[in-house]
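In structure tokens, the next block holds one chain alone, the form predicted on its own.
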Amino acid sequence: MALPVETFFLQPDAQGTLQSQIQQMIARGILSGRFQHGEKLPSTRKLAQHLGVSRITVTIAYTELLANDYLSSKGRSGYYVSENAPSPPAFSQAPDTQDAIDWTRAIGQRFSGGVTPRKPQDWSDYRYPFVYGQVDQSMFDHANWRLCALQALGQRDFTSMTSDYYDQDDPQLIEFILRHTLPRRGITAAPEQILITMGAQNALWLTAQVLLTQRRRAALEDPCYHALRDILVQSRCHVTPVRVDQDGLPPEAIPPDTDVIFTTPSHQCPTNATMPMSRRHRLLARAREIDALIVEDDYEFETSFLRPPSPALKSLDTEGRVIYVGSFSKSLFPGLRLGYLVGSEPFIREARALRASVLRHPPGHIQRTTSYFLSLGHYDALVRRMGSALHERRTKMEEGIAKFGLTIAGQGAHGGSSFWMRAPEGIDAKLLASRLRNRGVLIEPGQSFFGGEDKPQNFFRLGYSSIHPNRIVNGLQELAAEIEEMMPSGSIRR
């Protein structure tokens, strides 16, 4: 690759001759790692014009670097960074300038330090990756996704790919959601009541920013999706965690001064509890009683392979009180980062304006590719294959869990892709997860899902969407063996 001439510049306060300054400039670029072995330097004529020096000055500097093996020459093709040039050090180099800013005072609001954990990027290298929310390549329809992407690159879709929608979305994707996706959840809506987002997490952030202030109160499930807790803490609103039970969020426990209720009724995150219809009606009644809004995160409804999913809470709402969050990231692939909000027009109008000021709109090409994948039937076929594969893996999970005496704390009544597990008392799930890595096993500790100071330490989540079914039982055996080793001597496993 040729190095652009714009990356070369002389320091105005540099010492020495122009020739030595050019040598130092190039040597610094090589030693810092900015210039890589084999990359081509600008011609002597082009660099001389760019720097405003004579060509002979650049030629002499190149010749000296050539003699010191920093550069190599390939006949008439020019000068290159030598393969024998010194390699940059493994550690990151300190910047040339000294940071004199007191950032503890300069930063007005902090967004780091939340509870959301980082998933290991190398999860697929582990033999037993019980990780949640990742893609199994054997299930994804890569060939048809590629064809849809190529179709979206065609001349016919040039406008959708290149246009600045500003605050609008791809009408073809909106139409599919209106006519196919939402009716499956019992929801009817108009185009102006839908907003495409960069995944469900972005949808939750937009919702929190529009609805909550420092004086308002949000009620959220405990345990809950850890990123939601980070979002609400950053919004500086009052946050009340409400402990869930085997049926999800108990409406009677929601404080009367609550303004917004966040819930996951289809598959409670992370316990997988499914909220019964009777409780859904009680939740709507409680929201009406205290004049609160409800934000329904309807993730994983597509993975209901045991029985049809219950109607969405939004479908039971007759007052416009429920804001619905949907996502394609779980059913297609996480890196897609494409979700949607459904709500009353005044709310969507404000969320649309906020999105436009932050990122304008999700990329048009991604929206059009997704709309083709959906409308051509590939999505439905993928969901059916995924349901069949998850059913097989769930069966193996249940067999292995029973065989090795592990304890299920929560599982989806309609399906899902994970189990919420409880280790014996006295077992720290974080320590358990750390030790299991040496056995090639990845699990997700549960502490970050809980709020407050007194968090249970012995819960963890086992995802089964990303692990090969033939490895499930052996992986659970390794898990059970590690728990056994961590048990105090003479204790009874429960």
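Just so we're clear, the structure is a prediction, and the values are computed from it rather than from any experiment. Numbers for residues come from their place in the sequence shown, where the first is 1. For clarity, a rigid core is taken as the largest C-alpha set superposing within 1.5 Å between two forms.
Quick note: we don't show the form predicted together with a further copy of the same chain, though the next part is all about it.
- The closest heavy atom approach of residue 34 to a further copy of the same chain in the predicted complex falls within 4.5 Å.
- When a further copy of the same chain is considered in the predicted complex, residue 76 lies well away from it, no heavy atom lying within 4.5 Å.
- Among heavy atoms of residue 335, some come within 4.5 Å of a further copy of the same chain in the predicted complex.
- With a 4.5 Å cutoff on heavy atoms, residue 80 does not count as touching a further copy of the same chain in the predicted complex; it lies far away.
- Of the residues given (86, 405, 255, 186), 186 alone sits with a heavy atom within 4.5 Å of a further copy of the same chain in the predicted complex.
- 293 is the sole member of 382, 237, 293, 242 with a non-hydrogen atom lying within 4.5 angstroms of a further copy of the same chain in the predicted complex.
- For a further copy of the same chain in the predicted complex, the listed stretch (246-254, 311-319, 385-393, 419-427) containing residues with heavy atoms inside 4.5 Å is 311-319.
- Contacts between stretch 154-171 and a further copy of the same chain, counted in the predicted complex as any heavy atom lying within 4.5 Å, involve 154, 155, 158, 161, 162, 163, 164, 165, 166, 167, 168, listed in sequence order.
- If you fit the rigid core between the shown form and the other one, you'll see the Cα of residue 480 move by less than 2 angstroms.
- Annotation: Cα of residue 104 displaced by at least 2 Å between the shown form and the other one, core superposition.
- Comparing the forms between the shown form and the other one, the C-alpha position of residue 81 differs by 2 angstroms or more, with the core used for superposition.
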